[in-house]
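Here's a solo chain for you in structure tokens, the form predicted on its own.
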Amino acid sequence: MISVTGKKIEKYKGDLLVYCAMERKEKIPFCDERIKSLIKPACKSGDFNAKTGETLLLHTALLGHSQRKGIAAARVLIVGIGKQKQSVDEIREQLRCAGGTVASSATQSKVREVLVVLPDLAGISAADCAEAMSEGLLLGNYSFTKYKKQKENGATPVHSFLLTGSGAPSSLRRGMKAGRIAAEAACKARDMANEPGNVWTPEKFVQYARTISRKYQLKCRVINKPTMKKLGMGGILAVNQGSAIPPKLVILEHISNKKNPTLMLVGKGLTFDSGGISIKPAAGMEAMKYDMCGGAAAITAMQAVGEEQPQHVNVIALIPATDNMSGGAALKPGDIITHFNGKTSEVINTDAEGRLILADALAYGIKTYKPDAVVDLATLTGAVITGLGHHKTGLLANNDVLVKRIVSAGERTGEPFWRLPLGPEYSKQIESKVADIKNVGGRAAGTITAAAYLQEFVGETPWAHCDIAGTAWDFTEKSYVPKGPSGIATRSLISLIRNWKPLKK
């Protein structure tokens, strides 16, 4: 829980009072006047310089009488945010990291309630400051202990965060709410990914979609296997052939006004990927429960859309969901399938399954909803990890304006993207001698040829593909990002939607 409080700082008698301090070369860190006397001894001794992630925890009862003046809280925590950054996006990231550090420190101290004093920083508004700090606090407070009988070290997440600052209360509340909505959505995406494959099945996507549709007045549709057969969704059906669990195509709609532009999201919901007949190595296969992180990002972004009800844009989300198993009827290398748009595909490798289910969803969604732009998200290729590591999401697109908007959303949320090329030379790699296309183009440029496959199903619609295989888990280590699933792209999508404008023709 997080809220803005009007309570005076000196009267706060809770568990932990938090201030931020900014590093300054060979000088006492820039900080609130009320704590300068507290940090001077530590700064002079070199124990605290306000570098990013540095903390100084003081127990009020151990302070001198003059130092305790104006402090009623049991403890005071000073968190370093590093040196002054120039851009608002960099400052936002500083504050998110500070929030994550606060949450971690408070958890280790078994603190139930925290009051954070927002710093006065040049170059950022009070609302943006509150938004970024709220994101960091809630994202950093995340844990997944559902299946643990005993919590580690007895540590429990903070129950309540309070924010205060010099900005107008209405601005602080507005920023806090935006940060809360985005952080809660990302944390829910993490929950989905952390669930094991025997729990988070395609039906769970259906249940969650129906839950948020009822709560937030979204329209929910579910296309089941018999209808998929009638529609000719050969990609989803082919991947599902070896499974005992039927596939689902989950669709959520937010229609603000039919005259508004429509943004369509498509998220890969592969709830477990064994590789099928082209089976994966046993070592590390347990991580393949994360292969639905694209679907998690899309559906949790719709959770935020439902809560905020944007009136400037229509948003549609499609999540093709299945697992990829090697049962007796499983898809075989060499099989030829027919997608929704009539295009045939030779399946060379059954472990390149994500593009098969996304292709049907893209083609169906574009034909049905005629969106102004499409963004798909998928843990699609190991090749993107080889190219970009776990630090940036691969981005491929047929529209430069859409790319700029996605990159901007990533910079704003601390989820960086890196554009890779597309072109006819890459499409040539997926030409088949026996079908229209084949589902892999060889080892070279694996991420790009996977996107080239998807490009066959979007026509002239402005489209971007986000390969999150390297960032959906084991993402760059940050104070507000846990080990395991990161919830990547959820907040980027929310930012993209919040700032959406019609694409120029």
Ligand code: BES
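The numbering used is simple: start at 1 and walk along the sequence shown. If you're wondering where the values come from, they're calculated on a predicted model, not measured in any experiment.
This next part talks about the form predicted together with the named molecule, which is not shown.
Interface stretch in the predicted bound form with the named molecule - options 325 to 333, 202 to 210, 344 to 352, 415 to 423, non-hydrogen atom within 4.5 Å
Going through the listed ranges, the match is 344 to 352.
Whether A50 contacts the named molecule in the predicted bound form should be assessed with a 4.5 Å heavy atom distance threshold; does it?
The answer is no: A50 has no heavy atom within 4.5 Å of the named molecule.
Tell me, yes or no, whether D291 is in contact with the named molecule in the predicted bound form, where a contact means a heavy atom of each within 4.5 Å.
Within the cut-off, so yes.
With the cut-off set at 4.5 Å between non-hydrogen atoms, does L454 touch the named molecule in the predicted bound form?
L454: no, not in contact with the named molecule in the predicted bound form.
Check F475 for me: does it contact the named molecule in the predicted bound form (non-hydrogen atoms, 4.5 angstroms)?
Result no; F475 lies far from the named molecule in the predicted bound form.
Contact test, all of K280, I385 and V440, partner the named molecule in the predicted bound form, heavy atom 4.5 Å:
Yes.
If you check I448, L56, A464, A469 against the named molecule in the predicted bound form, which one has a heavy atom within 4.5 Å?
Selected residue: A469.
Proximity to the named molecule in the predicted bound form, single hit among Q303, N194, Q241, T381 (heavy atom within 4.5 Å)
Selected residue: T381.
At 4.5 Å, heavy atom to heavy atom, what parts of 87 to 111 sit next to the named molecule in the predicted bound form? List them in sequence order, or say none.
Not one residue comes within 4.5 Å of the partner.
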